[in-house]
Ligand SMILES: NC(=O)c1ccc[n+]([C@@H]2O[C@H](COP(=O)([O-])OP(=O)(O)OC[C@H]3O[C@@H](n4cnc5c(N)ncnc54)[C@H](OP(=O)(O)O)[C@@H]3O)[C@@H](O)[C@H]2O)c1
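One chain follows as structure tokens, the form predicted on its own.
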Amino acid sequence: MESQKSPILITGAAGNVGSEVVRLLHEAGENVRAAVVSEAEASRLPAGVAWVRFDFTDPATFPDAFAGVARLFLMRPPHIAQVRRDMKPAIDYAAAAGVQQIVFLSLLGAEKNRFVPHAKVEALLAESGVPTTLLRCGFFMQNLSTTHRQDISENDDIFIPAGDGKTAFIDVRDIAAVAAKTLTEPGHNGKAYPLTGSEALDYGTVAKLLTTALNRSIGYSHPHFLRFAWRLWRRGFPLSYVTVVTAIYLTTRFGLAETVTPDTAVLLNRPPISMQQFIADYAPVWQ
């Protein structure tokens, strides 16, 4: 069986999406190679998963990472803003090493928004000549349980500059399930899938759902974007990350994140995970 011969390399293997892709493929008996930046990250991987140290900005890590790899799950590390400088060498190396498919975790609407780094990665992939599958995803539900967890748990507030705009949220568990599917069955090369959940919600509605599930009042203060950017920067996030995240939330304010697509349900042959289910599953995070 081909999947047993050549490892599937998963970048960002310790992150929200990557760790779930690793888990699903490992449990399905696939030959997984998890790319991590440190032994500390490797310690969080499921038992029995092979791992390799990998850094986009360190070409010395490329040979071990890409040896024998036919399929690659590619994620842009959030701190990388200079995409051509910091990611092109690894993508070129992958192409030269014989990688036959790259599944890239992109952003919904990246093809129409050249400002976002995801669009620049898509351009690099097109230049590489490697057959590519693009997963253009809406906002992760898990942003609420990671990036915005502190504001919700400590201040009972969703502190996001999205105004009254609606968002077609998607659970990273659904993204990972689509990624695992596209990496292990034929027919997905050259495809771009816009992935969302089944409904678009404004953050006021999300606050009400959190209020009900957590049994305490959660508000939505929709701050000015400069206040939001300042708070993220004060918490130690890199300026490049702060800039990209703030810009993306501004597109939400203008209604550019509300499109609901059927692709997740079609690919998984089931309804996407709902916001209510996500909140119920992650409720302890905000207590």
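Values in this document were obtained by computation on a predicted structure and should not be read as measured data. Throughout, we count residues from 1 along the sequence that is shown.
Although not depicted, the form predicted together with the ligand is the subject of the following passage.
Partner contact region in the model of the complex: 72-80, out of 154-162, 211-219, 122-130, 72-80, criterion any non-hydrogen atom within 4.5 Å of the ligand. Every member of the trio G12, F54 and H118 reaches the ligand in the model of the complex with some non-hydrogen atom inside 4.5 Å. Contact check for V37: a non-hydrogen atom falls within 4.5 Å of the ligand in the model of the complex.
None of the heavy atoms of T196 is located within 4.5 Å of the ligand in the model of the complex. Using a 4.5 angstroms threshold between heavy atoms, V17 counts as touching the ligand in the model of the complex.
Proximity of Q100 to the ligand in the model of the complex: non-hydrogen atoms within 4.5 Å are absent; the residue sits far from the partner.
The partner is not shown here, but in the model of the complex the stretch 137-169 reaches within 4.5 angstroms of the ligand through a heavy atom at C137, G138, F139, F140, N143.
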